[in-house]
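A single chain comes next, written as structure tokens; it is the form predicted on its own.
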């Protein structure tokens, strides 16, 4: 039996031209989740780069909000070297450009599994002692049907935003896994870096925060099991904020990082 995630990021085609069916299961706010879209184009890049299946880095610009339904993905290989290749990719729906990105791919298995960092792994209670996203406020669950796609358990000391008591620290941490039991891999990490609620929730600013640009680095193939995901922000200016993400696997390794620039959530009345 196939996994839901694989079906929803599937692309069909060849020679750099692919068709995709974007799933309504990834709606959030006014469009489809940016990490989900990154995984869709990530699959098209994988199909265009034989022998280099894994994203190493990808920088995406979100040009307009994507909607459920048919989409086309075009890949142009810019350079294909011995161990890495770089390609440009565009996602369109009809005449509307939705996303454009530049990515470098390789084979993480061949590049080595030596993962070192001076970053500190988040300290989390075990998943059964954390707070399930199922207890998120009704307005959050209505805004983000994508929450049904996974199992997310928040650090109990970082869920004040859910009861109207945000900490103001700009920090969210959670255990994460896909709801149907699919184990993490490099393509799914492109989605995971954008899966938590916007970190602005912890600043007392709930609401959809559209991504303008997102850069993800995949450092290693994740071990099976739960992931730890941490989002943080330090700056807000001009109606925009940055969101930094770290993803740690069950072996305690930092396997993915990202930074995105997003718009400040708008009041509901807007």
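Numbering follows the first chain given and starts at 1. Predicted, not measured: the structure shown is a model, and the values here were computed from it.
From this point on, the text means the form predicted in complex with a further copy of the same chain, which you will not see here.
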item: Contact label in the model of the complex: residue 94 to a further copy of the same chain, heavy atom within 4.5 Å; value: no
item: a further copy of the same chain contact in the model of the complex: residue 46, any heavy atom under 4.5 Å; value: no
item: Non-hydrogen atom contact residue 257 with a further copy of the same chain in the model of the complex at 4.5 angstroms; value: yes
item: Touches a further copy of the same chain in the model of the complex: residue 63 (any heavy atom, 4.5 Å); value: yes
item: 90, 219 and 241 all contacting a further copy of the same chain in the model of the complex, non-hydrogen atom within 4.5 Å; value: yes
item: Stretch from 125-133, 103-111, 145-153, 185-193 whose residues place a heavy atom within 4.5 Å of a further copy of the same chain in the model of the complex; value: 103-111
item: Sequence-ordered list of residues in 68-94 near a further copy of the same chain in the model of the complex, where near means a heavy atom within 4.5 Å; value: 78, 79, 83, 84, 86, 90
